[in-house]
Ligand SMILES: NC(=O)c1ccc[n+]([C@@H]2O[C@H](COP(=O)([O-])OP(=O)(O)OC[C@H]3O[C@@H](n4cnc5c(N)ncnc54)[C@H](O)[C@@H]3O)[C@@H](O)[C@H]2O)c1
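This document opens with one chain alone, in structure tokens, the form predicted alone.
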Amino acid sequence: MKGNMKKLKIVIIGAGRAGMIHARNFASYVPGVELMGLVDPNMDACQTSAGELGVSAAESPDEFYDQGADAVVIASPTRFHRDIAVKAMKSGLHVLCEKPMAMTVAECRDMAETASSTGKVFQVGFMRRFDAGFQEVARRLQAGEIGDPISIRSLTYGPSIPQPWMYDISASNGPLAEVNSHDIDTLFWYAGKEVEEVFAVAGNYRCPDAREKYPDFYDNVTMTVRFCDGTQGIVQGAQGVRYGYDSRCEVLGVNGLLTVGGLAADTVRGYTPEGFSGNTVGSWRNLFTEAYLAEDIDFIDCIRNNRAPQAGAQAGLQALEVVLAGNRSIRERRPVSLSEIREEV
């Protein structure tokens, strides 16, 4: 750490899987910071995780604010993001908010306006923007290697069955939000254009426990996207596929194709009379370990240098608009214009 630059004090709100990735990064790998503690209403789990890291545990972040915290990472369920973020920024703290940014367009706008009025860094956790492979595709697109993009397809297939609270679309915004927010952001990132209209189809194929109480829940979705200039997009999502964590993207341009991602954990393959063998990626936590760390380091750099983040409030807002339009398309079985979503606020 240069000179006498003080360490920035960080609080993690939400001690689940994503929260603990950030917590371990800030505790051990991000320079110039001090992890103050973890916040989670499940105090047993919170105290266990905090003990692992040698920090304090709390049910509310308020006590850390009083102790001079500089920034928070929000990794709680989506429905709590807006209230936590707005209070933190008004209390003088910078915010790294995990995706999805919020539940509604109005909540996203409230968060964006608070970030603007307080001058605090507000970053959305779209960590694929910090993955070396995804960044390389962006660089080669910018260099014109395949000409103008014609279509962009991004998919995420996850191995695990959704947690029960995710079955309620009104509480989670469904897999388009929980699984495919990264894919939607990737389309915006690579296309560099606004979305005009989406059409989505979906169904529940792997979660029989949800069918009776939550008939609208879906664990598989395909959404087509039309950008304002005619560029095409496809987003595909699935939960409970079991075979591994599968994240892929392809960009077809007028002069070629760029691809990134895949199921394979390495390039070694075995072909025998018994069949094919190869190691697969087990979880997003394995695949994007370095991207999460790069994201956390960049967040601190934004704070120290008063720099706008790569994925700010606008990125979170535009992704959510597509999620809401996609969910409406699934319910009403028709194409939905993004203008419909914006006009309701």
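Sequential numbering from 1, following the sequence displayed. This is a predicted model, so every value here is computed, not measured.
The same protein also exists as the form predicted together with the ligand; that form is not shown, yet it is the one meant from here on.
Trainee: Report the stretch among 212-220, 139-147, 75-83, 225-233 that approaches the ligand in the predicted bound form to within 4.5 Å, counting heavy atoms only.
Mentor: Selected range: 75-83.
Trainee: At the 4.5 Å heavy atom threshold, is residue 18 in contact with the ligand in the predicted bound form?
Mentor: Yes.
Trainee: When the contact criterion is heavy atoms within 4.5 Å, does residue 284 count as touching the ligand in the predicted bound form?
Mentor: Residue-level check for residue 284: yes, a contact with the ligand.
Trainee: Is residue 296 a contact residue for the ligand in the predicted bound form, using a 4.5 Å heavy atom cut-off?
Mentor: It does not: once the ligand is placed as it appears in the predicted bound form, residue 296 has no heavy atom within 4.5 Å of it.
Trainee: Consider residue 98 of the chain shown here, and say whether it contacts the ligand in the predicted bound form, taking contact as heavy atoms within 4.5 Å.
Mentor: It does: once the ligand is placed as it appears in the predicted bound form, residue 98 has a heavy atom within 4.5 Å of it.
Trainee: In the predicted bound form, does every one of 24, 158 and 240 come within 4.5 Å of the ligand, counting any heavy atom?
Mentor: Zero of three within 4.5 Å in the predicted bound form.
Trainee: I need to confirm a contact call. Of 93, 127, 191, 111, which residue comes within 4.5 Å of the ligand in the predicted bound form, counting heavy atoms only?
Mentor: Exactly one listed residue reaches within 4.5 Å, namely 127.
Trainee: Using a 4.5 Å heavy atom cut-off, which residue among 42, 48, 280, 314 comes into contact with the ligand in the predicted bound form?
Mentor: Going through each option in turn, the one that passes is 42.
Trainee: If you look in the predicted bound form, which residues in 163-190 sit within 4.5 Å of the ligand (heavy atoms)?
Mentor: Heavy-atom contacts to the ligand in the predicted bound form: 178, 182.
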